[in-house]
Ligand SMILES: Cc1ncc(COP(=O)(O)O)c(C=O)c1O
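Encoded as structure tokens, the following chain is the form predicted alone, with no partner shown.
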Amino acid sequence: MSRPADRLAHLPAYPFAIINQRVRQLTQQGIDVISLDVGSPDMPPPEFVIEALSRAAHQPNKHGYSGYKGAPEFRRAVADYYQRRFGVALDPEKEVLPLLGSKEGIVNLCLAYLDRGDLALVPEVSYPAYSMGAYMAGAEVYWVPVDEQFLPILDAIPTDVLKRAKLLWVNYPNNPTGATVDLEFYQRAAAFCAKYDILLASDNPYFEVTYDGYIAGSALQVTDFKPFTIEFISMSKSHNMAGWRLGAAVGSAEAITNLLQIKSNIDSGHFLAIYEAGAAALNETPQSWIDARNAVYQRRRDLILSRMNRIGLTAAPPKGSLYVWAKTHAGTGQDYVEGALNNAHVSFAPGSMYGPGGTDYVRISVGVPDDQLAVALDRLEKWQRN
């Protein structure tokens, strides 16, 4: 048998794959495990989106290759959506690229920009794909310290690091912390990247998942910095379409071209029916649907927060994302996760999987039905009392 590539030695197994394996082991033993780990919406997309998929799938001319740049109508829908939602003008031919979910685009961007000896600037609490993508490209990661609001402290990055840096990752509303920012933050980040010739990579899948009246923005709303900025969106979170694997990269025409060069050698685009349904979702979903969906998430968020002290955790109310980022009262987040799984049969994501700044935290997803969430919290409280 051939020896595997050296990159595997520097690439740990994806954390959720490990969690899922442990949950399966317990389930096979007849134990009911409630998963509060993965941020997968438990509700469906709007009904008309499903109907659009069905209509397109029944058309005989929708089953061939869709093209490396995806369906033109989906690219136009993304551009129109950005104009309506953010007031940002995008050229659907040069500044929009459909993705097989944003995670694919994130990793492929790393392959497009990072070589051995290069650095990716990754906040010390962040989505694992940013660092994993850099490692797959053979590059290194510099963990950028974050402040109490989980914002990267850009001034703390040494000059010698900046000389090797090619990408800076930002993500707000943030996974896993739920932190949010205003446009002034994007202005500072974009100016910083322009100064040091770094590509600003904004991962923005949660901009439609917000609470308490907060309205999320886009890094592309900062004028004059589009050549230094690429942004990723995902239908997974905005429209409850996680399993559909549909997203887009938008922004810098040069970055889009470079990303396409990688993608066109890896995949051949999505199913045309999914593009059509995605376009329908972007063009036709009313704000009332988004508001009603977010109200369900907010109710679950508030229920979790009301039980924090009784389940051995502390958390601030997030204004966005699908998560509550909670600090443990004792021990590490990994200790808490193992105890909760073994004693309460509730699965969490340990904070350490999101970087060195997450050691004392756990991430709790609100993407679980109300009845299961109530049972999970009761189990956790009973475990903590004992």
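Note that residue numbering begins at 1 and tracks the sequence as displayed. Keep in mind the model is a prediction, meaning the values are calculated, not measured.
Only in words, not in the display: the form predicted in complex with the ligand, which the text now covers.
Stretch 103-111 is the answer when you ask which of 209-217, 143-151, 103-111, 251-259 has residues with heavy atoms within 4.5 Å of the ligand in the model of the complex. Of the listed positions (Phe228, Tyr275, Tyr82, Tyr130), a single one reaches within 4.5 angstroms of the ligand by any non-hydrogen atom in the model of the complex, namely Tyr130. The single contact residue among Arg75, Lys237, Lys263, Arg301, judged by any heavy atom lying within 4.5 Å of the ligand in the model of the complex, is Lys237.
Using a 4.5 Å heavy atom cutoff, none of Thr177, Pro318 and Tyr361 lies near the ligand in the model of the complex. Although the partner is absent here, Asp203 is a contact residue: one of its heavy atoms lies within 4.5 angstroms of the ligand in the model of the complex. By the criterion of a heavy atom within 4.5 Å, Arg245 is counted among the residues contacting the ligand in the model of the complex. The ligand is not shown here, but in the model of the complex it comes within 4.5 Å of a heavy atom of Tyr323.
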